[in-house]
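Next up: a single chain in structure tokens, the form predicted alone.
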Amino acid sequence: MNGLYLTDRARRLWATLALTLCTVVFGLPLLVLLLASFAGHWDALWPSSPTWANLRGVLASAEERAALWHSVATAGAATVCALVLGAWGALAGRRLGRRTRICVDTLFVLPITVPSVTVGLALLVTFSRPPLLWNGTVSLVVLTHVALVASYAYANAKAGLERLPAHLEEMAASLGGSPWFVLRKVTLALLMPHLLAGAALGFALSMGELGATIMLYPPGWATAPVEIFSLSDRGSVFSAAALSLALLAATATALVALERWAASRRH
């Protein structure tokens, strides 16, 4: 009984410690962001003169509305491309030899093992010379986001394929299903939860990407993170906080919509 009591107490201690760390690391910054979004002044421990002016400014500003749209459009396009690329890479990898498969794994994982600014610079240098002169285009921004999030789609698709019973595909093929039918109705159908999980993660990360985007974005296509950085750099911290809150809301809305769409397909 004494050992059990000590074990329960240790568990409560670890749970309290984990909750405290999560609160300090995640909860407190979000609370400060929320307070700053509605702050008129912040000269003491807590903000004063609460106001809706910061959020109204986000909605009224054409630049900030455009920045939110640019983030959603870029993240959406990059997520779709990354999902196709990652799923294709995982499916193709099953037919490759061990050494070639390791090379494919490395190719997909490499962009997330280095700073995003390094990826941005590499793509900027690569596509600043003919015949691939994409410097200063939206296409290069989307391509950069694809490079940064494709690894998550690939990893999720690969994990799903490793759990996929091979006999199901073989049974479908033995019953007369064409390779295209088996791919669509069996393989991809069973992989869909893994693909959607990779899509959700990639979309969220793309929405918040700054390091590479700030090096590449063309005039007129500043994303929300770039605009937030610009506002904070000019000293408009409350406006930056309000735009950050709007970015968080837009990301959450898109992820909830994706989850509901996935749930509707399961029923």
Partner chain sequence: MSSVGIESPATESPIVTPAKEGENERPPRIAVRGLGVSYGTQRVLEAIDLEVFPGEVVVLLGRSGSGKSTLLRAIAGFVTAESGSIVLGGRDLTRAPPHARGLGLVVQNYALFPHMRVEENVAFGLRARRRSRADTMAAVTRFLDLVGMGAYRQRYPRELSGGQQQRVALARALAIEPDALLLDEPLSALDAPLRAEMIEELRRLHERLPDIAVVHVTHDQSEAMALADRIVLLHEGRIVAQGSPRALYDRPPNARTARFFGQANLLPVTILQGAERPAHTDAGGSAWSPVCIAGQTLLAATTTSSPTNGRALLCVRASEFRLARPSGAAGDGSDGGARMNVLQGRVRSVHWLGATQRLLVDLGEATIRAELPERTTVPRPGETIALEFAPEGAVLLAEE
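Given the structure is predicted, the values throughout are model-derived calculations rather than measurements. Residue numbers count along the first chain shown, from 1.
What comes next is about the form predicted in complex with its partner chain, which does not appear here.
| message | If the cut-off is 4.5 angstroms on heavy atoms, which of these, V80, L190, L196, A159, is the one near its partner chain in the predicted bound form? | response | Exactly one residue meets the criterion: L190.
| said: its partner chain is absent from this chain, but in the predicted bound form, do L59, S61 and A66 each have a non-hydrogen atom within 4.5 Å of it? | reply: Not a single listed residue reaches its partner chain in the predicted bound form, so no.
| message | Residue-level question: is V186 within 4.5 Å of its partner chain in the predicted bound form, judged on heavy atoms? | response | Looking in the predicted bound form, residue contacts with its partner chain include V186, since a heavy atom lies within 4.5 Å.
| query | Applying a 4.5 Å heavy atom distance criterion, does G136 contact its partner chain in the predicted bound form? | reply | G136: no contact with its partner chain in the predicted bound form.
| field | Contact flag, A73 vs its partner chain in the predicted bound form, heavy atom cut 4.5 Å | value | A73 lies outside the contact set for its partner chain.
| Taking its partner chain in the predicted bound form, which residues along 20 to 37 bring a heavy atom to within 4.5 Å of it? | Heavy-atom contacts within 4.5 Å come from no residue here.
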